[in-house]
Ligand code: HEM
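As C-alpha coordinates, one chain now follows by itself in the form predicted alone.
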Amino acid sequence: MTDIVERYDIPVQHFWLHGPRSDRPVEYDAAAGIWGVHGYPEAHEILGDPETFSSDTFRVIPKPLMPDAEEFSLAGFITQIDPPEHGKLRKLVSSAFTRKVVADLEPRIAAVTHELLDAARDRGRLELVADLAYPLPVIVIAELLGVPGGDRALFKQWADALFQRDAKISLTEPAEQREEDIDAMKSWRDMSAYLADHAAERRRNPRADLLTRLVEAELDGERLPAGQVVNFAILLLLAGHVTTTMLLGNTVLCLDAFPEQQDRVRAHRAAVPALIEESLRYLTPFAAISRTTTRAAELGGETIPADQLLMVWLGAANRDPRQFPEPALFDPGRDPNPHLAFGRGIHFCLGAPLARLEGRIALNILLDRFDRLRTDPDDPVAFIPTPTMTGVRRLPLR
(Lines give C-alpha, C1' and ligand atoms only; values in the text may rest on other atoms or scores of the structure.)
Protein backbone atom coordinates (compact mmCIF):
# COMPACT_ATOMS: atom_id res chain seq x y z
CA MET A 1 0.00 0.00 0.00
CA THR A 2 2.89 2.38 0.64
CA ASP A 3 3.70 2.38 -3.06
CA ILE A 4 0.21 3.36 -4.21
CA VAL A 5 -0.16 5.94 -1.42
CA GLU A 6 3.11 7.63 -2.36
CA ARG A 7 2.66 7.24 -6.10
CA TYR A 8 -0.68 9.06 -6.14
CA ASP A 9 -0.13 11.24 -3.05
CA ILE A 10 -3.27 9.92 -1.37
CA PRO A 11 -4.44 12.36 1.36
CA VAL A 12 -3.66 11.43 4.96
CA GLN A 13 -7.32 11.76 5.93
CA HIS A 14 -7.94 8.60 3.87
CA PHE A 15 -6.40 6.73 6.78
CA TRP A 16 -7.66 3.28 5.74
CA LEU A 17 -5.46 3.45 2.62
CA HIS A 18 -2.30 4.18 4.60
CA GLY A 19 -1.92 0.78 6.21
CA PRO A 20 -3.48 -1.26 9.02
CA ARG A 21 -5.20 0.49 11.92
CA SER A 22 -5.20 -0.73 15.48
CA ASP A 23 -7.02 -3.99 16.03
CA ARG A 24 -9.93 -2.18 17.72
CA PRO A 25 -12.92 -2.28 15.36
CA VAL A 26 -14.86 0.29 17.40
CA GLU A 27 -13.25 3.34 19.01
CA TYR A 28 -14.53 6.46 20.71
CA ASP A 29 -12.98 9.76 19.65
CA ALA A 30 -13.50 11.92 22.75
CA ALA A 31 -12.12 15.02 21.05
CA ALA A 32 -14.75 14.81 18.30
CA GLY A 33 -17.51 13.23 20.38
CA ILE A 34 -18.00 10.49 17.76
CA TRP A 35 -17.68 6.71 17.68
CA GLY A 36 -15.63 5.33 14.80
CA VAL A 37 -16.54 1.90 13.43
CA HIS A 38 -13.82 0.32 11.29
CA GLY A 39 -14.57 -3.41 11.37
CA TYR A 40 -16.51 -5.37 8.76
CA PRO A 41 -18.72 -7.49 11.08
CA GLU A 42 -19.57 -4.40 13.11
CA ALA A 43 -20.44 -2.32 10.03
CA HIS A 44 -22.45 -5.23 8.64
CA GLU A 45 -24.45 -5.43 11.88
CA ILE A 46 -25.12 -1.68 11.98
CA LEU A 47 -26.40 -1.52 8.41
CA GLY A 48 -28.72 -4.45 9.02
CA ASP A 49 -30.30 -3.08 12.19
CA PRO A 50 -32.07 0.25 11.53
CA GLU A 51 -34.06 -0.05 14.77
CA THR A 52 -30.92 0.24 16.90
CA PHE A 53 -28.81 2.29 14.49
CA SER A 54 -30.94 5.10 13.11
CA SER A 55 -30.26 7.07 9.93
CA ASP A 56 -31.73 10.20 11.51
CA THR A 57 -28.34 11.53 12.54
CA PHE A 58 -29.17 15.22 12.67
CA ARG A 59 -31.18 14.70 15.86
CA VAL A 60 -27.95 14.33 17.89
CA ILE A 61 -26.02 17.21 16.35
CA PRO A 62 -25.86 20.27 18.64
CA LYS A 63 -27.99 23.13 17.38
CA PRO A 64 -25.05 25.56 17.10
CA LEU A 65 -23.49 23.20 14.54
CA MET A 66 -26.66 22.88 12.46
CA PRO A 67 -27.48 25.08 9.45
CA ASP A 68 -30.39 27.50 9.69
CA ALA A 69 -33.60 25.44 9.54
CA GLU A 70 -35.13 27.93 7.10
CA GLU A 71 -32.29 27.37 4.65
CA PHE A 72 -31.77 23.65 5.10
CA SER A 73 -34.34 20.90 5.52
CA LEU A 74 -33.88 17.14 5.25
CA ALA A 75 -37.53 16.44 4.39
CA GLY A 76 -37.50 13.94 1.54
CA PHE A 77 -33.96 12.66 2.07
CA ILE A 78 -34.49 8.91 2.25
CA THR A 79 -30.87 8.47 3.38
CA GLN A 80 -31.79 10.23 6.64
CA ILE A 81 -35.18 8.59 7.24
CA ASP A 82 -36.05 5.44 9.19
CA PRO A 83 -38.88 2.94 8.66
CA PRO A 84 -41.76 3.01 8.05
CA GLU A 85 -41.51 6.39 6.29
CA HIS A 86 -38.33 5.31 4.53
CA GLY A 87 -39.98 2.38 2.77
CA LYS A 88 -42.87 4.50 1.54
CA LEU A 89 -40.58 7.15 0.07
CA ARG A 90 -38.18 4.65 -1.48
CA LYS A 91 -41.06 2.88 -3.21
CA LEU A 92 -41.94 6.11 -5.02
CA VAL A 93 -38.85 5.92 -7.23
CA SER A 94 -37.71 2.32 -6.99
CA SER A 95 -39.56 1.44 -10.21
CA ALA A 96 -37.29 3.86 -12.07
CA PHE A 97 -34.25 1.73 -11.22
CA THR A 98 -35.50 -1.80 -11.95
CA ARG A 99 -33.21 -4.17 -13.84
CA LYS A 100 -35.19 -3.77 -17.05
CA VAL A 101 -35.33 0.02 -16.90
CA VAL A 102 -31.62 0.21 -16.22
CA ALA A 103 -30.73 -2.38 -18.89
CA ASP A 104 -32.73 -0.41 -21.47
CA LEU A 105 -30.37 2.53 -20.88
CA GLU A 106 -27.37 0.62 -22.25
CA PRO A 107 -27.52 2.00 -25.83
CA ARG A 108 -27.81 5.57 -24.57
CA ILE A 109 -24.93 5.14 -22.11
CA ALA A 110 -22.73 3.71 -24.86
CA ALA A 111 -23.64 6.50 -27.28
CA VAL A 112 -22.89 9.24 -24.72
CA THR A 113 -19.57 7.56 -23.83
CA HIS A 114 -18.47 7.57 -27.48
CA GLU A 115 -19.60 11.18 -27.94
CA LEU A 116 -17.61 12.33 -24.92
CA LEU A 117 -14.49 10.41 -25.95
CA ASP A 118 -14.77 11.74 -29.51
CA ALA A 119 -14.85 15.28 -28.14
CA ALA A 120 -11.80 14.59 -25.97
CA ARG A 121 -9.96 13.10 -28.97
CA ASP A 122 -10.65 16.24 -30.97
CA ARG A 123 -9.11 18.28 -28.16
CA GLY A 124 -6.07 16.01 -28.25
CA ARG A 125 -6.06 15.07 -24.56
CA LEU A 126 -8.12 13.00 -22.13
CA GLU A 127 -8.62 14.05 -18.53
CA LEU A 128 -10.80 11.19 -17.43
CA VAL A 129 -12.88 12.94 -14.78
CA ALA A 130 -13.73 16.14 -16.67
CA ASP A 131 -14.06 14.46 -20.07
CA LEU A 132 -15.92 11.26 -19.16
CA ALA A 133 -16.31 10.12 -15.54
CA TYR A 134 -18.20 13.26 -14.52
CA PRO A 135 -20.31 14.16 -17.58
CA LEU A 136 -21.44 10.61 -18.44
CA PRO A 137 -23.46 9.84 -15.27
CA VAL A 138 -24.64 13.44 -15.02
CA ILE A 139 -26.12 13.34 -18.51
CA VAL A 140 -27.80 9.99 -17.80
CA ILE A 141 -29.34 10.95 -14.44
CA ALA A 142 -30.33 14.40 -15.72
CA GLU A 143 -32.23 12.79 -18.60
CA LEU A 144 -33.94 10.36 -16.21
CA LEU A 145 -34.84 13.16 -13.80
CA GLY A 146 -35.89 15.49 -16.59
CA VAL A 147 -33.50 18.42 -16.21
CA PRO A 148 -31.14 19.69 -18.93
CA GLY A 149 -27.89 17.73 -19.10
CA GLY A 150 -26.40 20.86 -20.62
CA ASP A 151 -26.54 22.44 -17.15
CA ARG A 152 -23.94 20.00 -15.87
CA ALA A 153 -21.40 22.74 -15.18
CA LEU A 154 -23.89 24.09 -12.62
CA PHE A 155 -24.38 20.63 -11.11
CA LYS A 156 -20.62 20.20 -10.75
CA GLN A 157 -20.25 23.59 -9.10
CA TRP A 158 -22.93 22.67 -6.56
CA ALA A 159 -21.61 19.15 -5.94
CA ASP A 160 -18.04 20.40 -5.45
CA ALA A 161 -19.17 22.98 -2.91
CA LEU A 162 -21.12 20.36 -0.97
CA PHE A 163 -18.75 17.40 -1.18
CA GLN A 164 -15.17 18.49 -1.84
CA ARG A 165 -14.36 19.69 1.65
CA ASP A 166 -11.50 18.63 3.90
CA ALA A 167 -13.09 19.56 7.23
CA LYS A 168 -12.79 17.05 10.06
CA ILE A 169 -16.10 15.68 11.30
CA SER A 170 -16.73 16.75 14.88
CA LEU A 171 -19.58 17.39 17.31
CA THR A 172 -17.39 19.45 19.64
CA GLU A 173 -15.48 22.02 17.64
CA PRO A 174 -16.74 25.64 17.81
CA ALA A 175 -19.31 26.67 15.24
CA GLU A 176 -17.15 28.91 13.10
CA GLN A 177 -18.76 29.95 9.84
CA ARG A 178 -15.99 29.11 7.45
CA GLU A 179 -15.94 30.27 3.86
CA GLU A 180 -16.54 26.76 2.53
CA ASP A 181 -19.64 26.43 4.76
CA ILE A 182 -21.01 29.66 3.31
CA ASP A 183 -20.31 28.40 -0.22
CA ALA A 184 -22.02 25.10 0.56
CA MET A 185 -25.19 26.79 1.83
CA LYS A 186 -25.29 29.10 -1.19
CA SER A 187 -24.97 26.10 -3.49
CA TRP A 188 -27.74 24.35 -1.58
CA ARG A 189 -30.05 27.34 -1.98
CA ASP A 190 -29.23 27.69 -5.68
CA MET A 191 -29.78 24.00 -6.36
CA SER A 192 -33.05 24.02 -4.42
CA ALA A 193 -34.32 27.02 -6.36
CA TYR A 194 -33.28 25.45 -9.68
CA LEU A 195 -35.11 22.19 -9.00
CA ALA A 196 -38.11 23.98 -7.48
CA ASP A 197 -38.52 25.85 -10.77
CA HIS A 198 -38.39 22.61 -12.75
CA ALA A 199 -40.84 20.93 -10.35
CA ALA A 200 -43.27 23.84 -10.69
CA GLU A 201 -43.05 23.56 -14.47
CA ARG A 202 -43.88 19.82 -14.23
CA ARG A 203 -47.02 20.62 -12.28
CA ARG A 204 -48.12 22.74 -15.21
CA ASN A 205 -46.76 20.47 -17.96
CA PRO A 206 -46.19 16.85 -16.88
CA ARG A 207 -43.66 14.73 -18.77
CA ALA A 208 -42.44 11.14 -18.76
CA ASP A 209 -39.62 11.72 -16.28
CA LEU A 210 -38.72 11.18 -12.64
CA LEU A 211 -39.43 14.74 -11.60
CA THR A 212 -43.01 14.47 -12.87
CA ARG A 213 -43.34 11.18 -10.97
CA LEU A 214 -42.25 12.93 -7.76
CA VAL A 215 -44.58 15.87 -8.33
CA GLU A 216 -47.55 13.58 -8.94
CA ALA A 217 -46.69 10.99 -6.28
CA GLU A 218 -48.98 10.45 -3.32
CA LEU A 219 -47.96 9.29 0.12
CA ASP A 220 -50.78 8.17 2.43
CA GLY A 221 -53.27 9.74 0.03
CA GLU A 222 -51.56 13.12 -0.15
CA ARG A 223 -49.16 14.70 -2.64
CA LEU A 224 -45.60 15.25 -1.44
CA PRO A 225 -44.98 18.79 -0.15
CA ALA A 226 -43.01 20.97 -2.58
CA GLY A 227 -39.95 21.06 -0.32
CA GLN A 228 -39.91 17.29 -0.07
CA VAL A 229 -40.08 16.94 -3.86
CA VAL A 230 -37.11 19.29 -4.23
CA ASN A 231 -35.00 17.45 -1.65
CA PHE A 232 -35.80 14.10 -3.22
CA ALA A 233 -34.73 15.50 -6.60
CA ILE A 234 -31.50 16.89 -5.10
CA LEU A 235 -30.65 13.47 -3.69
CA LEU A 236 -31.31 11.73 -7.01
CA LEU A 237 -29.29 14.27 -8.98
CA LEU A 238 -26.29 14.22 -6.66
CA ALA A 239 -26.21 10.56 -5.65
CA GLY A 240 -27.06 9.60 -9.23
CA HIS A 241 -23.76 10.85 -10.56
CA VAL A 242 -21.19 11.30 -7.77
CA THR A 243 -20.79 7.59 -7.03
CA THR A 244 -20.33 6.64 -10.68
CA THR A 245 -17.85 9.46 -11.23
CA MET A 246 -15.69 8.12 -8.40
CA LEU A 247 -16.24 4.47 -9.37
CA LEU A 248 -15.05 5.02 -12.94
CA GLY A 249 -12.07 7.18 -11.97
CA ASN A 250 -11.01 4.75 -9.25
CA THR A 251 -11.25 1.74 -11.53
CA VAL A 252 -9.09 3.33 -14.22
CA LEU A 253 -6.62 4.35 -11.51
CA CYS A 254 -6.43 0.72 -10.37
CA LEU A 255 -5.71 -0.36 -13.95
CA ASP A 256 -2.84 2.11 -14.03
CA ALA A 257 -1.54 1.01 -10.63
CA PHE A 258 -1.79 -2.70 -11.46
CA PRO A 259 -0.94 -3.10 -15.15
CA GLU A 260 -1.01 -6.89 -14.91
CA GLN A 261 -4.72 -6.64 -14.08
CA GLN A 262 -5.22 -4.36 -17.06
CA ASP A 263 -3.63 -7.01 -19.27
CA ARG A 264 -5.88 -9.70 -17.81
CA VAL A 265 -9.11 -7.78 -18.26
CA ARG A 266 -8.17 -6.81 -21.81
CA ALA A 267 -7.74 -10.49 -22.62
CA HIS A 268 -10.89 -11.57 -20.75
CA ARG A 269 -13.60 -8.90 -20.95
CA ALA A 270 -16.01 -11.07 -19.00
CA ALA A 271 -13.88 -10.11 -15.98
CA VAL A 272 -14.88 -6.41 -16.18
CA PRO A 273 -17.76 -6.70 -13.63
CA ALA A 274 -15.49 -8.43 -11.09
CA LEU A 275 -12.83 -5.78 -11.68
CA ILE A 276 -15.37 -3.08 -10.87
CA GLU A 277 -16.47 -4.88 -7.69
CA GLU A 278 -12.87 -5.10 -6.48
CA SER A 279 -12.38 -1.42 -7.30
CA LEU A 280 -15.43 -0.63 -5.15
CA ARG A 281 -13.90 -2.58 -2.28
CA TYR A 282 -10.36 -1.34 -2.76
CA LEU A 283 -11.19 2.37 -3.24
CA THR A 284 -14.67 2.70 -1.73
CA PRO A 285 -16.28 5.86 -3.17
CA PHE A 286 -18.49 6.86 -0.23
CA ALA A 287 -16.05 5.67 2.41
CA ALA A 288 -18.17 6.52 5.46
CA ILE A 289 -21.77 6.88 6.47
CA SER A 290 -23.26 7.97 9.78
CA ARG A 291 -25.77 6.42 12.16
CA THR A 292 -27.06 7.17 15.66
CA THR A 293 -27.91 4.76 18.44
CA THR A 294 -31.54 4.68 19.55
CA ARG A 295 -30.59 2.60 22.61
CA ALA A 296 -27.45 1.27 24.25
CA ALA A 297 -25.69 -1.25 22.04
CA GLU A 298 -22.84 -3.75 22.43
CA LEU A 299 -20.56 -3.53 19.41
CA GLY A 300 -16.99 -4.65 18.84
CA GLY A 301 -16.37 -5.16 22.54
CA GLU A 302 -17.63 -1.67 23.43
CA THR A 303 -20.85 -0.48 25.05
CA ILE A 304 -22.19 2.47 23.09
CA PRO A 305 -24.84 4.52 24.92
CA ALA A 306 -28.06 5.70 23.31
CA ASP A 307 -28.09 8.90 21.23
CA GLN A 308 -24.49 8.62 20.09
CA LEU A 309 -23.19 9.48 16.62
CA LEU A 310 -21.32 6.72 14.80
CA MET A 311 -19.14 7.12 11.72
CA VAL A 312 -19.22 3.78 9.92
CA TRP A 313 -16.05 3.68 7.83
CA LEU A 314 -17.03 1.45 4.91
CA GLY A 315 -13.61 2.02 3.34
CA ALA A 316 -11.94 0.53 6.42
CA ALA A 317 -14.52 -2.26 6.79
CA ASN A 318 -13.84 -3.26 3.19
CA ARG A 319 -10.21 -3.83 4.21
CA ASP A 320 -10.89 -5.83 7.36
CA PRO A 321 -8.65 -8.94 7.20
CA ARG A 322 -11.28 -10.86 9.16
CA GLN A 323 -13.45 -10.69 6.01
CA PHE A 324 -10.99 -10.10 3.17
CA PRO A 325 -7.71 -12.07 3.14
CA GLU A 326 -4.79 -9.84 2.12
CA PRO A 327 -7.03 -6.76 2.04
CA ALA A 328 -4.32 -4.47 0.63
CA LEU A 329 -4.05 -6.72 -2.43
CA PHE A 330 -6.04 -5.60 -5.48
CA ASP A 331 -7.53 -8.92 -6.53
CA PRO A 332 -10.45 -8.90 -9.02
CA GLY A 333 -10.61 -12.66 -8.59
CA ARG A 334 -12.02 -12.42 -5.05
CA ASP A 335 -14.99 -14.71 -4.81
CA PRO A 336 -17.10 -13.96 -2.95
CA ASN A 337 -16.51 -10.23 -2.62
CA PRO A 338 -19.22 -9.02 -0.19
CA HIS A 339 -18.01 -5.41 0.04
CA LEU A 340 -20.18 -2.73 1.59
CA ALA A 341 -19.49 0.04 -0.94
CA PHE A 342 -23.20 0.36 -1.77
CA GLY A 343 -24.31 -0.19 1.80
CA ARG A 344 -26.58 -2.98 2.97
CA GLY A 345 -30.14 -3.55 4.05
CA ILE A 346 -32.97 -1.08 3.62
CA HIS A 347 -30.61 1.74 2.61
CA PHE A 348 -28.74 -0.26 -0.04
CA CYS A 349 -27.92 2.19 -2.82
CA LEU A 350 -30.96 2.58 -5.07
CA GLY A 351 -28.77 3.49 -8.04
CA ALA A 352 -26.25 0.64 -7.66
CA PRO A 353 -27.45 -1.22 -10.80
CA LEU A 354 -27.15 1.97 -12.85
CA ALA A 355 -23.69 2.80 -11.47
CA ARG A 356 -22.46 -0.71 -12.23
CA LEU A 357 -23.90 -0.60 -15.77
CA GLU A 358 -22.35 2.80 -16.50
CA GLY A 359 -19.02 1.60 -15.16
CA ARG A 360 -19.08 -1.61 -17.21
CA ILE A 361 -20.04 0.08 -20.47
CA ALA A 362 -17.61 2.98 -20.11
CA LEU A 363 -14.72 0.75 -19.08
CA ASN A 364 -15.23 -1.63 -22.01
CA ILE A 365 -15.31 1.29 -24.44
CA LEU A 366 -12.15 2.76 -22.92
CA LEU A 367 -10.41 -0.60 -23.32
CA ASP A 368 -11.62 -0.76 -26.93
CA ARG A 369 -10.41 2.70 -27.82
CA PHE A 370 -7.11 2.91 -25.93
CA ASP A 371 -4.19 0.51 -26.25
CA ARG A 372 -3.11 1.33 -22.71
CA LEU A 373 -4.78 3.32 -19.92
CA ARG A 374 -1.93 5.15 -18.17
CA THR A 375 -1.71 8.20 -15.98
CA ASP A 376 0.51 11.11 -17.01
CA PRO A 377 3.56 11.43 -14.70
CA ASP A 378 3.94 15.06 -15.75
CA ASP A 379 0.36 15.87 -14.70
CA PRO A 380 -0.28 14.19 -11.33
CA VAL A 381 -3.51 12.61 -10.21
CA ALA A 382 -5.46 14.71 -7.70
CA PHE A 383 -7.70 13.13 -5.05
CA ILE A 384 -10.90 14.57 -3.60
CA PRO A 385 -9.88 15.93 -0.16
CA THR A 386 -13.13 15.04 1.59
CA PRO A 387 -12.39 12.57 4.43
CA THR A 388 -15.51 10.47 3.80
CA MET A 389 -15.07 10.09 0.02
CA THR A 390 -12.46 8.18 -1.98
CA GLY A 391 -12.09 9.37 -5.52
CA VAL A 392 -10.00 11.34 -7.97
CA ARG A 393 -11.00 14.83 -9.02
CA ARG A 394 -8.39 14.92 -11.81
CA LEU A 395 -7.06 11.93 -13.71
CA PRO A 396 -5.05 12.97 -16.81
CA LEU A 397 -4.22 10.08 -19.15
CA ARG A 398 -1.54 10.00 -21.80
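Values in this document were obtained by computation on a predicted structure and should not be read as measured data. We number the residues from 1 along the sequence you see.
Another form exists, predicted together with ligand HEM; not displayed. Remarks below refer to it.
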| query | finding |
| --- | --- |
| Region of this chain that lies against ligand HEM in the predicted bound form, out of 368 to 376, 354 to 362, 326 to 334, 35 to 43 [heavy atom, 4.5 Å] | 354 to 362 |
| Non-hydrogen atom contact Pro285 with ligand HEM in the predicted bound form at 4.5 angstroms | yes |
| Contact test in the predicted bound form: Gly146 vs ligand HEM, heavy atoms, 4.5 Å | no |
| Contact flag, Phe97 vs ligand HEM in the predicted bound form, heavy atom cut 4.5 Å | yes |
| 4.5 Å heavy atom contact, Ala239 to ligand HEM in the predicted bound form | yes |
| Whether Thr244, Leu280 and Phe348 all lie within 4.5 angstroms of ligand HEM in the predicted bound form by heavy atom | yes |
| Contacting member of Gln261, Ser73, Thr294, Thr79, with respect to ligand HEM in the predicted bound form [4.5 Å, heavy atom] | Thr79 |
| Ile141, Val265, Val215, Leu195 - the one with a heavy atom within 4.5 Å of ligand HEM in the predicted bound form | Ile141 |
| Residues within 4.5 Å of ligand HEM in the predicted bound form, restricted to 82 to 108 and counted by heavy atom | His86, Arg90, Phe97 |
